[in-house]
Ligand code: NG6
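Let's start with one chain on its own, the form predicted alone, as structure tokens.
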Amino acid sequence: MKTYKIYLILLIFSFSCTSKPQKEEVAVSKPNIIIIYADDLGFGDIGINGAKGVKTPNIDFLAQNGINHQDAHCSAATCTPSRYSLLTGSYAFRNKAKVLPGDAPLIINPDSETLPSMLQKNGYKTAVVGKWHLGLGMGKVDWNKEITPGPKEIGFDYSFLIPATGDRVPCVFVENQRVMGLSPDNPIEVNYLEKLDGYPTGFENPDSLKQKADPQHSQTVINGISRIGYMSGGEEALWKDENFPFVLTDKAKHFITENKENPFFLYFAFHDIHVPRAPNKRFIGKSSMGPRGDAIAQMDWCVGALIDHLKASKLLENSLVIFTSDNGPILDDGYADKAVELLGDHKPAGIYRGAKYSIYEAGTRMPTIVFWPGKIKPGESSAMLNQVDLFASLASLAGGKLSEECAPDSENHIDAWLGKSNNGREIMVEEAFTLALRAGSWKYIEPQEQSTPGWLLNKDVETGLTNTPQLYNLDDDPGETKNVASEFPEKVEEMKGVLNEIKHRK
């Protein structure tokens, strides 16, 4: 077993972008870059990784003709932190990035370099379409005028957003930082603390709901679904959840068509399969698992529609497509949609322990497929990768020069992403309610005195929080069933030291 000594490790790492490990740059014209970002999709939720009860032929096509990564991770086990890391190249704990309410201010500093702004500077047109959940404005957003700062200020030329999540108000689309379809005579107001005289609530009208919800999700009712938070006004602008796949895919396709003569970057962030799961009638019954499985089928259709559009536009061969997810799977996340009861033999996380919110592998080990026709030799890869590295890796591909201050945790592993090398990260941080360090097959989980938050106790989620160290050898024990910390105290101290150094870098 390879041993990772702390002083050797620290020689590898520096906090400046210009000191990142360098790989051979790929000598091709700038490809279009598309990141398809699913939500709450587990490693085992796609056919190629063993899904039962639902078929994902379009995603499987990408995997069969690209690289299906087996040890690729988001940076955190919840969505806002992962999205923050993806776009900034920085671990989310450095900015204390947590899951945000629907009216939170933008958490990415507009003065900082981001993945889209770097690509912009290198000739790319950039867009984000779909779920945002990184905050908008500067706090106390006025939804009735242009909302700033937002995606434009961090490098996106075009944006079409679900501003937070589908289970939070406001239930409107925001296009180029204005609420789409809003009437000036019917202004929107949002409040997360006090009830507004607007829409009914799930507490008051439980029998009118399409899905029963827990108390957290029982406030404003829009489209027969109760949400988190209170809202009034804006009836003309309200979304219909069942239309998400078509509205979002059409916006993504339109951006591609408008920019087919330029290299472009599209960050296509699905709502599926996040709650509330309300698949369009076209997909109801496409799985044996009820709304959660049907939402997977719906998501797969969106992937196929996008790939078909690239092909019809004669752009497919010069397009790098990365399909992945923001965090691990969750069954019961606030709505009674029978995700637990109808699960059957399906294993959303595959062989891995944990779920969304968990420090165990299922929290961050993501289905991850990289597809680039004619440029990638199909196969599987066991390289250890992290989405925080897409910044530096795609900069290498696009010819970007990174400034001293940007992307402090991002490493250039473009050869591993493209399947040219099986050498990925040497060490990697995983984040949930605590932190973990991966060093090859070894995984150390930092002890915490805090216990699992009360709101999670009824969701059957193993957070991994303990007040003693945990150490696992994933080569021997991929399911993290045997804590060997007491057998390898020197390894525990070594990895604890490395993790502490990473945490306290300035």
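When you see a residue number, it is the position in the sequence shown, counting from 1. Keep in mind it's a predicted model, so treat the numbers as computed, not measured.
One more form of this protein exists, namely the form predicted in complex with the ligand; it is left out here, but the text below deals with it.
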Residues 99, 326 and 455 all lining the ligand in the predicted complex, heavy atom within 4.5 Å: yes
is_contact(residue 480, the ligand) in the predicted complex, heavy atom dist at most 4.5 Å: no
Contact label in the predicted complex: residue 71 to the ligand, heavy atom within 4.5 Å: no
Interface membership of residue 292, the ligand in the predicted complex, 4.5 Å heavy atom rule: no
Residue 247: touches the ligand in the predicted complex, heavy atom cutoff 4.5 angstroms: no
Among 379-387, 326-334, 415-423, 310-318, the region lying within 4.5 Å of the ligand in the predicted complex by heavy atom distance: 326-334
Contact residue in the predicted complex, chosen from 216, 208, 95, 288 - any heavy atom within 4.5 Å of the ligand: 216
Of 220, 159, 78, 368, the one that lies within 4.5 Å of the ligand in the predicted complex (heavy atoms): 78
Stretch 111-140 - residues with a heavy atom within 4.5 Å of the ligand in the predicted complex: 131, 133
